[in-house]
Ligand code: SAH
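The chain that follows stands alone, in the form predicted alone, written as C-alpha cells.
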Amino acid sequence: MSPANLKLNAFPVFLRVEGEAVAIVGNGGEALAKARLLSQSSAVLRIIADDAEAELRDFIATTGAVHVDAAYDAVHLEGAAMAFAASGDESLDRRVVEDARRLGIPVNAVDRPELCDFFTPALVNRAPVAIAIGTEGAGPVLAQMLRVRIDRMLSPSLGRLAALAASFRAAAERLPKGNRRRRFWSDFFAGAPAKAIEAGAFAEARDAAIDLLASDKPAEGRIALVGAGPGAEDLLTLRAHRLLMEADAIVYDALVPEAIVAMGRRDAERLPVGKRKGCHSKSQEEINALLIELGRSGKRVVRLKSGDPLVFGRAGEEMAALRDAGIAYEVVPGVTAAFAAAADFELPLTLRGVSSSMVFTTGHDLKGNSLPDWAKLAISGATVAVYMGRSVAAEVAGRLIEAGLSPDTAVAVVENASLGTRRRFHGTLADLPSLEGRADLTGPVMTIIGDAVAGANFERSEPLAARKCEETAPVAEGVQQ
C-alpha cells in the first residue's frame, strides 16, 4: 500500500482536562501506570479501587488523587471527562466500557484495543508542548522507542520557551500578516529569546522578544543552495530539512522529487525552474535573476538542486551572481548520485591496493579532440563516476579503450540511484556502448568505471549487454547530481 493510501483509524486530538475528573478503575499495576501517565496533566484523578495494592495506595497518598475505596459501580464514572478500565479482569473491563458508553464518556480498556474508544499515546512532555505517539494499539513498544528518540532531541527548556511565546501571542498578532509576523516567530524560536531561555535567563529572553517586536529593520533575504540528494527523501540532511521548513520560497529543478519539495513549509511559494537535459524552462541567467529578486525582497529561499549543488549543479554561477548582488547565501551539501549509485551496488569507490583515487566527470568531457586529464587517471587506476553518460556511452568506452584502458575493466550502471525504481546493470567497458541502445532507460543514469567496481555486489543487477534495442527512442536524460 502506498503512503498516500494509508489512513488513520484513530485520529489524534488533544482533549482539555484541566479541572476535569478522569476515572480509572483498577487495583494494581495497570491502573497505576495509567494514573502516572494522567498525573502529567491537570486533570483530577478519580481512582476506583476497593482493594488497592500498596504501590497504588502510595501513589494516591502522594499525589492527592481521589480514592473511591469501594467495589466498582457505574455511578463512580458520572461526571468524568474520560474513563479507563484497568482492572485486568475482562468481564469487569467490559462492564466499565459499557457503562461509560451509556453515560457518553469516552473509554479506554487497557490492553483490549477492540474495546477502546481512544488509545493512550506514548507522551513526550514539555508542557505546554506535548508530543503524542500512537500506533492504534498495534505496537506499544514501538511507540515507547519513538518516544525515547524524540525526547532526546528536544531541549528540556522547550516548555519554558513555549510558555513565553504564549505571553507574546497577542502582541505578535498586531504585526503585519505574512513575512513580518512569520519572521518574528522564526527569530523568537531560533534566535536570542530561545538562547536566553536555554541559559536559564528568563528576563533576558523576555527583553530579547520585546526587541524583536519593536525592530523595524527590513528583513534580509538569504538564499540556501541545498543538495536535494539523488531522489530518496530520507537522504536529505537535517539542515536541509530545517531550511525547507523555514523557507518563504522554494526554487527547484525538474529532477527534484515532489516528495522532497513537499517537505517544505506548506505556505511557501514553490517555483519550478526546469533544468533537465533538452527541457530548460528557465535559462541559468533567468534563475540567477530570480534568486536575486527573491533575496532583495527579504525572503528566505531554498534553491533545491538534485544531488549536491557543487557537483555539476552550476552552483558556481549562482553563487557569483548572489555575491555580486550582495545577497547572503549558504551552501548545504547533498548526497551526490555517484555515492548513491555506489551504495546501491555495495561498491567501494576506493579499494586498498586497487584504487586510491576517484574522478567525477561527465561523458561530454570526451567530446573534444584532446583526452581530458581524468581519462589518464582512469588508466592509472582511478575509479571514474560518469554523470550524464548514457547518450555518449559508446564514445566514452571507445576513447578510454583507445587511450589504453582495458576493455575488461569492470563497469556498474544505475538508473534512478537510491530510489525504489532503481535498476542496476553490470558488465565491462567493452559492454558499455550497449547503454546507448537502451530506450527502456528513461531516468537519470550513473556509470562507474574502474577495477574497484569488481568488488561490488552484482546479485541484484542485470548484465549490461543482455538486451540490445534495435531502435533508440529519443529520451530526455536528466542530470542526477
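All values reported here derive from a predicted model rather than from experimental measurement. The first residue of the sequence shown is number 1, and the count goes up from there.
Same protein, other form: the form predicted together with the named molecule, not shown, and the subject of what follows.
Comparing 62-70, 27-35, 42-50, 441-449 against the named molecule in the predicted complex, the single stretch with non-hydrogen atoms within 4.5 angstroms of it is 441-449.
In the predicted complex, the named molecule sits beyond 4.5 Å of every heavy atom of Y329.
Shown alone here, T336 lies within 4.5 Å of the named molecule in the predicted complex, counting heavy atoms only. With a 4.5 Å cutoff on heavy atoms, L435 does not count as touching the named molecule in the predicted complex; it lies far away. The named molecule is not drawn, but in the predicted complex it has no heavy atom within 4.5 Å of F168. Taking a 4.5 Å heavy atom cutoff to the named molecule in the predicted complex, the contact residue among L322, L77, M388, V359 is M388. Interface residue among V273, V311, A205, A240, judged by heavy atoms within 4.5 Å of the named molecule in the predicted complex: V311.
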